[in-house]
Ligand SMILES: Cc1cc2nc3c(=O)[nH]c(=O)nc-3n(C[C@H](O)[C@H](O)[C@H](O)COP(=O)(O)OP(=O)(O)OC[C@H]3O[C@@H](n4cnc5c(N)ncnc54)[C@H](O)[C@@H]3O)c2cc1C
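Shown next as structure tokens: one chain only, the form predicted on its own.
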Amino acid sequence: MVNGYAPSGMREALDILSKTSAIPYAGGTDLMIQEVPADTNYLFLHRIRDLKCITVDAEYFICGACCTYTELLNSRHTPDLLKEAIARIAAPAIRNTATIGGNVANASPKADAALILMVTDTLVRIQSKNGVRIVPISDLYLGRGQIDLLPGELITEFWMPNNRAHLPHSYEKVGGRKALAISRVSFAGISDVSDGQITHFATAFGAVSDVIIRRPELDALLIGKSIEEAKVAKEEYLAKMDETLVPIQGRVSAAYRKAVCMNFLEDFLAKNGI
């Protein structure tokens, strides 16, 4: 028997979270396979409409944490880069149930949607009975399976900046098979080149370390440079990226993961004429 609460609104949900240790439950595709004590309580979120928004305002593409992958895939507002990643997640039955909030809250470095949120410098809206805080997604992850959420807090929305969401992009994923594959290495990159000058450049690597790797301080080596200047800086950039990428050993070797990461990165540079 499953124990829990099914609030109909956000205020009720946050009140329950403030008084109990109930585990938030949306699609449950990660939670349902975990072994938990029989007396575990869940906070079922499927009735809360505020968590299902998909919209765009002047600054952000905004989606609620309980939006399923299928809903995001079918929405005209969802950026193409995010759709590309979603389309390669599991199968339709999983995408119909799994939510983007669960993908992030699971804090897996292999999370495909979270990789896109990371490379676009998406903001995360977190609510509790005591108020709201908004944090960069890069600050949310503390390690594998660990996120910076205080007792009583709930991830409610993701805000992807419009000036990142629709830039030219690349998304690559290596898995053990062509479909239904968990990432062994994944890569996302976005760039903006205007009048021969690089105005934005961002990369992120998944399934490589305990958290998704995003190194904006290294990507910044190319920002503000012309394509010709970037070609000169390319060797230094690649050397520093090679140094910072320290893959973990897993189902595939660390050496393989690093080689794939660097190949993806060099291909992305070439795609941008660098």
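Just count from 1 along the sequence shown to find any residue number. This structure is a prediction, so every number in the text was calculated from the model and none was measured.
The following text describes the form predicted in complex with this ligand, which does not appear among the structures shown.
With the partner omitted from this view, the residue of L167, L123, V193, L149 that lies near this ligand in the predicted complex is L149 [heavy atom within 4.5 Å].
A single residue from the set L31, C53, M241, I223 has any heavy atom within 4.5 angstroms of this ligand in the predicted complex; that residue is L31. Using a 4.5 angstroms threshold between heavy atoms, R88 counts as touching this ligand in the predicted complex. Residue contact with this ligand in the predicted complex: N106 places a heavy atom within 4.5 Å of it. This ligand in the predicted complex is approached by G27, whose closest heavy atom lies within 4.5 angstroms of it. Contact annotation for C63: none of its heavy atoms lies within 4.5 Å of this ligand in the predicted complex. Across the options 74-82, 135-143, 94-102, 199-207, residues that bring heavy atoms within 4.5 Å of this ligand in the predicted complex belong to 94-102.
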